[in-house]
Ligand code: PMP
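Presented as structure tokens, the chain that follows is alone, the form predicted alone.
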């Protein structure tokens, strides 16, 4: 059975990246590797839209999340965390594991945080050291208003840390223009490379926080990573093969143009949502991100059964809900190496699965809606 991977990570890998990763392994303390790593760093700056330092870790996105806490904070520091889904909650869990004083803003899953609540929390807790939030909360498909939040946080002594693991290169994020201090991402989503690389961009305001930080961060030391940037290398053995693949992806992104890529994902997302709504189903997120569409399962239908049927019978792999959303939503990604016909396949398979599971719909209705948007 031919498989179609349409999950919000890992995402499909383009052929040129696969070919780059098939090349013979090279040693990481050589000019050849330094040249590759320099291209990767400069390319990531283009995608992050920053002139700040970017530190690369051989880890998944959670490693970058951990580094964003251990490098800039000290024991018992107060942090403000937006908990609107599974990955917002992960920041809280990491912070608590380091003994930090975590102040959560609990947001109903499927809703976006009101930036004014963040302003109020900062006004009443002037000793908050950092604010943690997601750009796209992957578990719910919600987009956060980072621009407005950054305006609020930048007027304080706190730093703003944004999890853009599922959104970098997919949703708009102007790191420097918006004054975002730390941005975290990973290789396996919008950057179309296998899991195993995480990145953090670090502003001067954030680097100043490292001087007082007393949390342990041996492997995830941003400062040691910074010290090696001048020679375009890493303090520890890097994931050489993944970086070769990533370099190929970055070159392709630059060739396409970041703005063109963002516009493409916006179109894929619009087509998918419009198709879903034509089938009389609801989008779960009140403020949806273009990286992933979360769809409410129809009354009486278990979304896990939809996901299972699409995967096992049709070879189309999407994601279900996590935690309390298990069985209640389906998630279709629009990130990475995906094109118009990937969405047509996803919607067609969704229609077939829903009809097989007893939902009353007209086959092809959603597909036609999506086609009219994608190929107008």
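Numbering follows the first chain given and starts at 1. Just so it is clear, the structure is predicted and the values come from calculations on it, not from any experiment.
FYI, the form predicted in complex with the ligand isn't displayed, but the following is about it.
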Original post:
Which of these residues, 193, 201, 293, 138, gets a heavy atom within 4.5 Å of the ligand in the predicted complex?
Top reply: 138
Original post:
Within 4.5 Å of the ligand in the predicted complex, heavy atoms considered, which of 220, 265, 109, 87?
Top reply: 87
Subject >> Stretch in contact in the predicted complex with the ligand, which is absent here, among 230 to 238, 252 to 260, 183 to 191, 201 to 209 (heavy atoms within 4.5 Å) >> reply: 183 to 191
Original post:
in the predicted complex, does residue 332 have a heavy atom within 4.5 Å of the ligand?
Top reply: no
Original post:
Quick one: is residue 271 in contact with the ligand in the predicted complex, heavy atoms, 4.5 Å cut-off?
Top reply: no
Original post:
Is residue 350 close enough to the ligand in the predicted complex to count, meaning some heavy atom within 4.5 Å?
Top reply: no
Original post:
If you check in the predicted complex, is residue 336 within 4.5 Å of the ligand, heavy atoms only?
Top reply: no
Original post:
So which residues in 146 to 169, when you check the ligand in the predicted complex, have a heavy atom no farther than 4.5 Å from it?
Top reply: 163, 165, 166
